[in-house]
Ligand SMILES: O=C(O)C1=C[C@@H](OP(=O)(O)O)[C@@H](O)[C@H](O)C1
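Form predicted on its own, single chain, as C-alpha cells, below.
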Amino acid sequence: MQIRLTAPPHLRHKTILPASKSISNRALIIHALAGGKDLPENVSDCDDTFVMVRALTQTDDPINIMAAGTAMRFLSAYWSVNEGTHTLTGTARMKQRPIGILVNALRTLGAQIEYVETEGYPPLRISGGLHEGGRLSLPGDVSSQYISALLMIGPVLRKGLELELTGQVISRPYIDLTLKLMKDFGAQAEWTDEQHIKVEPQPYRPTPYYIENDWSAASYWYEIMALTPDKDAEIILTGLFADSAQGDSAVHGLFEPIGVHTEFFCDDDGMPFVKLTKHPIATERLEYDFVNQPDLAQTFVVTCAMLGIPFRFTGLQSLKIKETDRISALIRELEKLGYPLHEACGSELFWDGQRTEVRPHPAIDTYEDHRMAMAFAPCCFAVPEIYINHPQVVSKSYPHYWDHLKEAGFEITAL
C-alpha cells in the first residue's frame, strides 16, 4: 500500500493522543506480577500493547509477539519467573534483533532459556523457575529494555536484585520510568549511586493505575508545527503531563529553539493539555546527544533537514537494533529528498547544509518501522507531494495517526 500526502495551508487542530506505549507495557507486566485483576486504565490500543495483553492472557503456545521488541524483552524475563514452558517468537525482523545479552543475564540468575533457531536471537523457549535472584552486572550502554526487563522481576525474587551498570548508562530516563512504575505498585527499587540499582525482595501489590498519554506521539505534532508555514497555527494535545516521567517529554524543550512554543494547561475536569504555537527560530545549527531520547532522533533529523538547520546528533547507537537500522534508513530516505546525511562511529548523524537533487515523486520506504512513517509524513510541508510506502506500520504505536492528520486538514490519498 502507498499513500500520497498534501499539507493543509492553515492549521488549527485539537487531537487526543494515544496512551503511552512505554508506560502501558511496563504497567501490564508489573500488574501481572502483582496478581492484579482489572487492567490499568487508558491502556494503549497500539499493536505492541495488544500483543502484550494477548501474550499475558493466552494459553496457546508458541506466543507470537510479531514486531514488538518491548514485548519480546519484557516477556522473556516475565516467563522466566512464572511456571510452565513458553516459546516466544515474532516476525522475520524480530528474529534478526539480538537478545543474547538479556538471555545471558537471565541465565546468570538461574533462568532456563533455549534458542530455538539461531544462537543469540529469538525465538526463545523459556522454562519458568527463576526464583533466587541476586547480583548481576551489565554494560550500561545496552538497550534500556534489557535493564527494565530485569528490574521488573526483581521484587518477586527471593534475594531481590542488585544490578551494576558498567560504563556509560544510556536511555537513563527509560530506566527511571521503570523504577517509578515499580514504586507505584509497591516495590522498593532505587539507584544507590550512578551505576548501581537495588531492588528489594518486596512483592508488588495490585494497584489501580491510570496511564498518561504519549509524549513520543506528541513529537510528530511538534514537527508539524515546526514545518507549517502558517504563522498563526495552533495545536492542542490532550493528556500530556508537565511533570511526566517519560523521557520523551524532553521534546517540548528541544523544539523551543527551532520554532515551537509550548504552554501547559488543565481543562475544567483537571485533565492536562498543551498548546503549541509558532515563534521565531533561535538557532542556526543544532547539536544534541540523544542517548536519553533515542526515539526522538528520527523526528529531529527530518525536522532540521526540512527547516534547513544543519545538525550533528550523537548518542544514536541503539538506533541500529530498532525495528530497522534507523541510521541507515534515515540516510537512504533523506537522500531521496535531496539531503545527504553522514554517519560517524555508528552512533552519530550529521548534515552540513548541502543539498542534492530531489527525486521526482519521492516515495519514502518505512522498513516495518512506525517512526519512519510518522517522521516523514510532515515533509509534505516542504515537498509539494510526498508518498509513504506501507503506511499501516503506524499501528505499532499510533494506530489513528493518519485519521488524525486528515482531521487536521491533510489530504491523504491511497494509491
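Just count from 1 along the sequence shown to find any residue number. Since the model is a prediction, treat every value here as computed from it, not as a measurement.
Keep in mind that the form predicted together with this ligand is not shown, yet the notes after this line are about it.
Mapping the unseen interface onto this chain, D295 counts among the residues with a heavy atom inside 4.5 Å of this ligand in the predicted bound form.
For T366, no non-hydrogen atom is located within 4.5 Å of this ligand in the predicted bound form, even though that partner is not displayed. Under a 4.5 angstroms non-hydrogen atom cutoff, this ligand in the predicted bound form lacks S80 among its neighbouring residues.
Remark: S347 does not count among the residues lining this ligand in the predicted bound form, judged by a heavy atom distance of 4.5 Å or less. Stretch-level contact analysis of 333-341, 141-149, 222-230, 161-169 against this ligand in the predicted bound form, using heavy atoms and a 4.5 Å limit, identifies 141-149. This chain is drawn without this ligand; in the predicted bound form, the residue among F313, F185, F255, Y174 with a heavy atom within 4.5 Å of it is Y174. Contacts to this ligand in the predicted bound form (heavy atom within 4.5 Å) from stretch 7-26: K21, S22, R26.
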